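Next up: a single chain in structure tokens, the form predicted on its own.
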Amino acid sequence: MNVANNVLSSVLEAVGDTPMVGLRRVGVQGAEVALKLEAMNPGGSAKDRIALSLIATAEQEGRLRPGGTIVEATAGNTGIALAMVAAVRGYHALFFVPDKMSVDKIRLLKAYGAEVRVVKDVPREDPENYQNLARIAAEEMDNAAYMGQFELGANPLAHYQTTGPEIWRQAGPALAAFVAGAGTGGTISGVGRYLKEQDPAIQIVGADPVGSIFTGGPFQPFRIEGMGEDYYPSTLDTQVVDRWVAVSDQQAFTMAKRLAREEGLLVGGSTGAMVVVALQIAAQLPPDRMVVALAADTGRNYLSGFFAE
């Protein structure tokens, strides 16, 4: 930062220190429910935090050199964050995305100058799965690095070092539970581990789409983006999560619309799912406690999706 003029040297210095806002009209019974507004990050989601960490790791390990190409498999937000960092640092960016991803996110990736390859949304064991295709593409290119958000410890570490301490500082001893979803599992694992170290009694609860395997049962397709999986990523520490709660697409999308219309909070479907779970927990707690849910990204990413329905 330019201290004299209070000017940031780049947009990347604006990542983190996002605000927390309590709900006032949606769910007013029991404990207070507050949302950690990760859409206030410059790239519009919590993934800005891990993008910095993943790229720094690739640079330190020598996998990414000046002028190189960042390659990743993404449901959108990690790609957007990586594309933003790539633009600042002079890297090229190539992303493989599943075809269930919103057109809004694809347009955002391209707006940052990234190349986007939309592929069929198939299980991970299929060679045509977006993660497999991204990994192979990086191996076949010169000076290219696969970011590995589903594999690398730099993902949960970013949340352990930044998001977790911020939530503890903002909520304090009143914090009774933290609710997040899990795609890579980096957020719930990193934040959950930090919060458990501060107070082991804090409940770490995973909101999960109906059809994801985290809540048990066979995998089935679902529409909520950015959370739920058909396998357990290595970046997900299941020992940190006290329990999982399944949420349907309809429940999630209805809640996201309520948050926009009743609280002025334009958020994505995954946040809607997390708030559904947070309200269930809050209803069982006294008013002097707090439940924090992660507002993972902005609803602007879904204007042509469920918000148009």
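For every residue, the number given is its place in the sequence shown, counted from 1. In this text, all values refer to a predicted model and were calculated from it rather than measured experimentally.
Although not depicted, the form predicted in complex with a small molecule is the subject of the following passage.
| said: To verify the annotation, which of these, 184, 102, 162, 212, has a non-hydrogen atom within 4.5 Å of the small molecule in the predicted complex? | reply: By the 4.5 Å criterion, the partner-contacting residue is 184.
| Stretch from 267 to 275, 252 to 260, 60 to 68, 29 to 37 whose residues place a heavy atom within 4.5 Å of the small molecule in the predicted complex | Heavy-atom contact with the partner occurs in 267 to 275.
| query | Would residue 225 show up as a contact with the small molecule in the predicted complex if we use heavy atoms at 4.5 Å? | reply | Although the small molecule is absent here, residue 225 would touch it in the predicted complex, with heavy atoms inside 4.5 Å.
| message | Although the partner isn't part of this model, could you tell me whether residue 293 comes within 4.5 Å of the small molecule in the predicted complex, counting any heavy atom of the residue? | response | Close contact is absent here: in the predicted complex, residue 293 is far from the small molecule, nothing within 4.5 Å, heavy atoms only.
| request: Find out whether any non-hydrogen atom of residue 306 is located within 4.5 angstroms of the small molecule in the predicted complex, and reply yes or no. | output: Contact check for residue 306: no, nothing within 4.5 Å of the small molecule in the predicted complex.
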